[in-house]
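Below you will find one chain, with nothing else, as structure tokens; this is the form predicted alone, and questions on how it binds or moves follow later.
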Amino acid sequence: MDAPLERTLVLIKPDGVKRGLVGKILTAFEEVGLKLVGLRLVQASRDHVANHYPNTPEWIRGMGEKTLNSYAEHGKDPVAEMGTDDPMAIGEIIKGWNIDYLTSGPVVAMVLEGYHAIGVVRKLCGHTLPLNADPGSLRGRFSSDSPVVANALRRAIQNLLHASSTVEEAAHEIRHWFGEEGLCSYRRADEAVLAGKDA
């Protein structure tokens, strides 16, 4: 088969846990046929969260540039708002806010398995900016936060979820949150039907 069987990491962030959305979010993934193979409730340390991210200069600059683009789109002055217009400096600030956010309460870490799991999960999650998320997506249904609000309050955007974006990212993140032996293998009762083998 050309369709790849993939595993991906999802984090339900502290705002999702504190709002009691874990069950609804997990149900959305299971209802489309994704198999839960790892699940943990974690109060993560700052070091653990910091090492979740790539932390490359390109990644930090990318966060800064996204923020600068958002300021330009909304007619905001980054120097007045952030004290700088340097994308690297802004990226470091945003990284710090993200670490504050993910350590502000427990997170639910899960690994989901299925055909095209990475793309399916990201589609269900919706756009990383809840303001821009499709209303049927998880972020569109349960959040309306925006960069303008978050930056004004000097905090990360509360967007409920993290989902791996590539096979390589998923492999790193699954190892980081679950180690080498933290996952389960089993067959879902409806697995044959979902794979089209029981027609």
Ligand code: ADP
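All residue numbers refer to positions in the sequence shown, first residue = 1. The shown structure was predicted, so the numbers you read here are calculated from the model rather than taken from an experiment.
What follows is about the form predicted together with the named molecule, which we do not show.
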property	result
Site test, T67, T128 and R139 vs the named molecule in the predicted bound form, non-hydrogen atom cutoff 4.5 Å	yes
In the predicted bound form, the one of A133, A170, A156, V37 near the named molecule [non-hydrogen atom within 4.5 angstroms]	A156
Single option in M63, I174, A28, A44 placed near the named molecule in the predicted bound form, where near means a heavy atom within 4.5 Å	M63
Close approach of L124 to the named molecule in the predicted bound form, 4.5 Å, heavy atom	no
Contact flag, N98 vs the named molecule in the predicted bound form, heavy atom cut 4.5 Å	yes
Distance check, N151 to the named molecule in the predicted bound form, heavy atom within 4.5 Å	yes
Contact label in the predicted bound form: V120 to the named molecule, heavy atom within 4.5 Å	no
Interface residues of 4 to 18 toward the named molecule, as seen in the predicted bound form [heavy atoms, 4.5 Å]	K13
